[in-house]
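This document starts with one chain, in the form predicted alone, laid out as structure tokens.
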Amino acid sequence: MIETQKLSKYYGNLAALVDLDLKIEQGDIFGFIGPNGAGKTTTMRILATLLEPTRGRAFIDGLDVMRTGKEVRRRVGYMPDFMGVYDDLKVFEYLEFFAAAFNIERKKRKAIVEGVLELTDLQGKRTAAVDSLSRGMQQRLGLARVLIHDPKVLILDEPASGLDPRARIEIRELLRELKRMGKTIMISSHILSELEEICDHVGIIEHGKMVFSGTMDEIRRQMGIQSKMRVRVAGDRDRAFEVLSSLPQIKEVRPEDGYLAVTYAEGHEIDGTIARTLVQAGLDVIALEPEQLKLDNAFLQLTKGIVH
């Protein structure tokens, strides 16, 4: 649904984007991550037809972004990191204005506006002045605006920026609903734990170059990460230590705050093996708690090129 091939953007001798290869499948939520100035917004603006690349190609729904910009814009809803609003308009007037800009027939506009207001839970604010809305409400209005022409693809640059925890949760649930509706979503954010919860795939970019693109499991495999499991048993913990240490998949077992911390190579389905082995040894398992690589840790390690 979204693809780039050797996409590059230079400002004089400054490289904002270098040979970016990216592929996002239809119906996926793709988290785009990187430090400030890494090239995230540049990429998104090119995909939204707002910026021309220096070289390379980009495609949305099979259409060349630079050669068929008008058709691409019909398929894309782009929300920048800062959304300007028209302070002297009411919410429904603001949305009707953009419906007209997208050449939606006048007789259909009211129903479409009411539909996106319902989807974004803004029905109660339809007659409120745009400048009276909270930051969270304005972000939801921004999403309502990009949905007005029912695009297949959503490109969202920091949609949760500056929101309080409740508003972030509401935006996250709305993104899940949009995925259920079949939308393909590309989203950048600095709130990495939330991206980890909703994204099918992530891409990590630094200095204009893609450092990694794939699932969290693929990150762990690429980095050679050894996963961990915390195990708690009733009774003889020393016996449990011996039993677990004998398993060939397990690299290390060590006591940790009343638990046994078990380290194993990524790729093994270990929880069932641990539970079965301990029960067969006559030990009662109280808890099995996986500890997997978190997105924020992966981001820090990959962007520094260091694996701890």
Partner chain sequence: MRQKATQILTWMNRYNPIDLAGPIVDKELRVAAGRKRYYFLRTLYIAILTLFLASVWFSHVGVSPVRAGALRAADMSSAGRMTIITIVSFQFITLPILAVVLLSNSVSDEIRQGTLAVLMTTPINALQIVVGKLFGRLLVLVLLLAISFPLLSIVRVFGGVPWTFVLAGVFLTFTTSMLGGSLSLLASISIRQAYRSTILVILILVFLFLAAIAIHTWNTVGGPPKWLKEMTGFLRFLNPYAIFYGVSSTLLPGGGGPQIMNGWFGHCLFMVFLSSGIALLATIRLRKVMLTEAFGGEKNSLRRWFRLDRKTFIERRAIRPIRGECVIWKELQRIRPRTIQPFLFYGAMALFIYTITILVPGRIVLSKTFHSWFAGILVLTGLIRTASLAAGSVASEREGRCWPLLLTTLLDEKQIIRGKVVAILIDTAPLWIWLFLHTVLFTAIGVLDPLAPFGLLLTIPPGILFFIGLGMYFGTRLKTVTGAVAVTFAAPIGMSFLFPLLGFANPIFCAAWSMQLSTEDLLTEPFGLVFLGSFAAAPIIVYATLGLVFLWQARCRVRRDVFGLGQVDVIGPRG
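Everything numeric here is computed off the predicted structure, so don't read it as measured data. Numbering follows the first chain given and starts at 1.
The protein also exists as the form predicted in complex with the partner chain; that form is not presented, and the subsequent description refers to it.
Look at 71-79, 234-242, 205-213, 173-181: in the model of the complex, residues with non-hydrogen atoms within 4.5 angstroms of the partner chain sit in 71-79. The partner chain in the model of the complex comes within 4.5 Å of no heavy atom belonging to Leu247. Taking the partner from the other structure, the partner chain in the model of the complex has a heavy atom within 4.5 Å of a heavy atom of Asp87. A residue is said to contact a partner when one of its heavy atoms sits within 4.5 Å of a partner heavy atom; Glu93 meets this definition for the partner chain in the model of the complex. For the chain shown alone, Arg67 is a contact residue for the partner chain in the model of the complex, at least one non-hydrogen atom being within 4.5 angstroms. In terms of contact with the partner chain in the model of the complex, the residue from Leu119, Ile198, Ala100, Ala167 that brings a heavy atom within 4.5 Å is Ala100. Taken together, the three residues Thr49, Glu52 and Ser132 all come within 4.5 Å of the partner chain in the model of the complex, as judged by their closest heavy atom. Contact residues in stretch 1-40 (any heavy atom within 4.5 Å of the partner chain, taken in the model of the complex) are Lys9, Tyr11.
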